[in-house]
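Given as structure tokens, the chain that follows is alone and in the form predicted alone.
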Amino acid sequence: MKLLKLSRRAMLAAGAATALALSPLSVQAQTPEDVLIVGQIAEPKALDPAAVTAVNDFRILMNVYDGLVRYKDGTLEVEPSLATSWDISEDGTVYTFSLRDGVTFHDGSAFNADAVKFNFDRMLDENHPYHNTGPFPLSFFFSAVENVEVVDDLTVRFTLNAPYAPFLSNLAYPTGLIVSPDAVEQHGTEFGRNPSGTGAFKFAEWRSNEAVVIEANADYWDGAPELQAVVFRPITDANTRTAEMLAGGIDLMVEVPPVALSEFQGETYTVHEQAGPHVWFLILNAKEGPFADVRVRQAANYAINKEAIVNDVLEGTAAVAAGPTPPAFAWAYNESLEPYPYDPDKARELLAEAGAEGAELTFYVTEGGSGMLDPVAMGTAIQADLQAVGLTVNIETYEWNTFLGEVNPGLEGKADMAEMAWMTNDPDTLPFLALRTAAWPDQGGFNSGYYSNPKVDELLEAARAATDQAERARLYQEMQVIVQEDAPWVFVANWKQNAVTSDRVENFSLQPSFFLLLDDVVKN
């Protein structure tokens, strides 16, 4: 049976599951063998890895593309992928990669050093003929790259403008995935709807608001996948996603609402959990409005009962966050930091000192999105806590991609606070992209609250250039102390990601990277 017919059959089965979920019958729908149906939290924005930022999109992309390196299974350690080996110069500024021979893109074109150079020049060189296929919001990851040189067909050399400790780790991140130059040249700005990589699965079709379908790459250099196809269905409402899983319309559900976990006990399902580098926080507008005063930002941290959110809203699936760096980065995490305690009296005192009693706040909340846990319930709880100390909080709720379109360009003139979650690969990533002065939105970063502290800028620049991990750790730990005191965010929770699979799915495991790797998954 052809893939298209299989995917249509899978969608029909999922539709039947919805009907069953709404009926008194307990019989489950049966999705096809060897076709995995994944319940995603949202429609992807694009399938161009250089042009997106959300883990929701990355979960698809990591199965379609490869990078020069990848994370070793179950870790955030880097191992070879499209590069078989590499050498680093003594001063840490030159990386020379030997490339895997005989690899082709899904469109039949050859993977080689020219393709690697094309990918990075497209992102980093404003004069590149295909730079207009962006924007490339995470090109920050490779801002240290000064030059990419083709040594020969299977050797490529990166020259950096300074030592840059996260470079290899960033190459393993989706922004470093290698796309087909021929496909970019053919489709131009529509490449994100017509992807071509070298990964275990090939793009088949994208039916807007219905499904993204990928099929097995029988010629994959690392061995053909076990599945014939994967269908990613965007099901934004968590209750609907849960009902679909219970009815048998999907085989794998990501980001299970904490209140629904008890539904998946017993032999019919497997609940998977994996700690990872995640932080859920509130961006505070430090440029204008009440939160321009550090005392009001600190008051918000004291006012919100994060323990109650973690225990009651999130059902114990997270821990209270103490600062901007997740404890999963054990070597860089400052264990001396204690979370802001719940102290509404202290919050009221600080608000009085700042003359901010009764201030009115606009709060952006999303219906659901990458790593956002239970954002509406959390937003409502936060609203109640802030109102209990005398603030007036008006919630505006948005669909995920619309929410990003409102928040990422900055909160100035629009809102006082916004929910946000990041899952990162290196302790450099989140603070460098979202806390530096040079990362304000008008400079291409994600510092949507316009926080600025020259000492934090200095520490982050020094940490990414340090070649000694102990020195990097010291710098990051000092940064965490300052940021916690400045309170540009409300530090809420560090999440343990979860997913549930049906008893027909084998060989699935969650990764600390938060990506879905499906090439070894079996479905009977």
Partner chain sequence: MMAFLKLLARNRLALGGLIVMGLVVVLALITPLLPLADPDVTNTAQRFKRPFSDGALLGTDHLGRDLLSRLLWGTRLSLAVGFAAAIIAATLGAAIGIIAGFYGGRTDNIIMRGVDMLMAFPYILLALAIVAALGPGLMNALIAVAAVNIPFFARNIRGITVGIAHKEFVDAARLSGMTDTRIILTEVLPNVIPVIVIAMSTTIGWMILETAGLSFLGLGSQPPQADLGSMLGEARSALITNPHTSVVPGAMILIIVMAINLLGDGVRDALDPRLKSGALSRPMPTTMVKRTGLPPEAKADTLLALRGLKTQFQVKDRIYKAVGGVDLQVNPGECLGVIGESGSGKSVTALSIMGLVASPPGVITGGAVHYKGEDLIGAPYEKLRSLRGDRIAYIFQDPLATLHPLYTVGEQLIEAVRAHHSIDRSKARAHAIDLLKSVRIPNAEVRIDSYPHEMSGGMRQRVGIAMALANEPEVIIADEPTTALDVTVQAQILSLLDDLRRQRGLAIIFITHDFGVVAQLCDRVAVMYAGRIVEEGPTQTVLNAPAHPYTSRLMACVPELGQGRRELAAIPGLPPVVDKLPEGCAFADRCHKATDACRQGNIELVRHGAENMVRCIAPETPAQEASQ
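Between two forms, the rigid core is the largest collection of C-alphas that superpose within 1.5 Å. Positions refer to the first chain, counted from 1. All of these numbers come straight from a predicted model, not from anything done at the bench.
If you look for the form predicted in complex with the partner chain, you will not find it shown, but the lines that follow are about it.
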### Task
Spot the stretch among 325-333, 253-261, 152-160, 100-108 with residues whose non-hydrogen atoms come within 4.5 Å of the partner chain in the model of the complex.
253-261
#### Entry: Among the candidates 315, 182, 273, 343, the residue which, in the model of the complex, approaches the partner chain to within 4.5 Å (heavy atoms)
315
### Message
Please tell me which of 352, 224, 88, 308 lies within 4.5 Å of the partner chain in the model of the complex, judged by heavy atoms.
### Response
308
### Query
Any of the heavy atoms of residue 428 lying within 4.5 Å of the partner chain in the model of the complex?
no
### Message
Can you tell me whether residue 438 touches the partner chain? I mean in the model of the complex, with a 4.5 angstroms heavy atom cut-off.
### Response
no
#### Entry: Distance check, residue 243 to the partner chain in the model of the complex, heavy atom within 4.5 Å
yes
### Message
Under a 4.5 Å heavy atom criterion, is residue 319 part of the interface with the partner chain in the model of the complex?
### Response
no
### Task
Can you work out whether the partner chain is within 4.5 angstroms of a heavy atom in all three of 460, 475 and 481 in the model of the complex?
no
### Query
Does any residue in 367-402 get within 4.5 Å of the partner chain in the model of the complex, counting heavy atoms only, and if so which ones?
367, 376, 377, 380, 381, 383, 384, 395, 396, 397, 398
### Core superposition between this form and the one not shown, C-alpha change of residue 176 at least 2 Å
no
### residue 401 C-alpha shift between this form and the one not shown of 2 Å or more, rigid core reference
yes
